[in-house]
Ligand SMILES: C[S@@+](CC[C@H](N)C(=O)[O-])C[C@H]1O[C@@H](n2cnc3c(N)ncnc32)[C@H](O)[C@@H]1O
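One chain follows as structure tokens, the form predicted alone.
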Amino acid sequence: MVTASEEYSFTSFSNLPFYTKVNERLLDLAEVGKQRNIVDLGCGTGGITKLIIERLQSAKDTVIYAVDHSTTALKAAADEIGDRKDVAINYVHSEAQNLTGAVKEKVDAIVYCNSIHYVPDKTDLVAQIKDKLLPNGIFAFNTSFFEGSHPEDSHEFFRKWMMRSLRILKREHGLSADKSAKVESRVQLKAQDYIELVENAGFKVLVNDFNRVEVPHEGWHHISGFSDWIEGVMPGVPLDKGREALQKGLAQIWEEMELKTIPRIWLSVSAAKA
């Protein structure tokens, strides 16, 4: 039986090839793989964990802590990665905000892909990350939820898509979005706010990268089935109705505008514990 959280999960989007490249870029910029003790924070179904394993320079001496709040996702990650004899992988059930209690040991690197925008108290989380890192340890994260993540040449598409989807929602279901009910990822920081966040915590920023990514139709289609996206652009609307309206609106606008891709900007940051 598929639960609501599984049905509206990030998994379909995260398995798309372009998204894998986004995260490969972060890991390579941060040189993740040189370290011996690495935390994959918010590991989901293990996609990033697998990319980390591929980059290990000395797998037999490495321990990876795959941390996620979902037991279902952790089981899927363990099944996907399988029984590895060459590297130790510890699957840890915990919210990211409880990192201090979840991982007891000090580590060399902490990777947090496409999730920091969900955290209400980012200052506390980054303080926990710093405390958990060894001297000169690396904190690497990325996000496409920040002010400036939508390039100017994507604005017309988003405006038309949202307007069409809201009309479909009203016409077919008699519903309207409640704009007063925003989820945390929609309360967006500026890119500079993220830099200041880690610098104020005592990190030295090594990489501050902006990557323009051409997202295909299937990316926007799958993200429209993700609960956080639906709640963000159609707050207060039932997930099934929101998904239906968004995906119908997307299909119509995509065809009308004769689109192949729509760009989005990913911010990648790598910082060392000072």
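What we label the rigid core is the largest C-alpha set whose atoms superpose within 1.5 Å from one form to the other. In case it trips you up, residue 1 is the first one in the sequence shown, and so on. Predicted model only: the values in this text are computed from it and were never measured.
The same protein also exists as the form predicted together with this ligand; that form is not shown, yet it is the one meant from here on.
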Taking the partner as it appears in the predicted complex, which of 156 to 164, 130 to 138, 70 to 78, 188 to 196 has residues with heavy atoms within 4.5 Å of this ligand? 70 to 78
Considering Met234, Ile48, Ala245, Ala66, which brings a non-hydrogen atom within 4.5 Å of this ligand in the predicted complex? Ile48
Under a 4.5 angstroms heavy atom criterion, identify the one residue in Val103, Ile89, Leu169, Val119 near this ligand in the predicted complex. Val119
Taking this ligand as it sits in the predicted complex, is Ala96 in contact with it (heavy atom to heavy atom, 4.5 Å or less)? yes
I'd like to check something about Thr143: if you look in the predicted complex, is any of its heavy atoms closer than or equal to 4.5 Å to a heavy atom of this ligand? no
My question is simply whether Val126 lines the interface with this ligand in the predicted complex - judged by any non-hydrogen atom within 4.5 Å. no
Cys43 versus this ligand, in the predicted complex: is there a non-hydrogen atom within 4.5 Å? yes
Can you name the residues of 98 to 122 that have a non-hydrogen atom within 4.5 angstroms of this ligand in the predicted complex? Cys113, Asn114, Ser115, Tyr118, Val119
Superposing on the rigid core, I want to see if Arg159 changes position between this form and the one not shown - specifically a Cα shift of 2 Å or more. no
Would you say whether His93 is displaced between this form and the one not shown, judging by a C-alpha shift of 2 Å or more on the superposed rigid core? yes
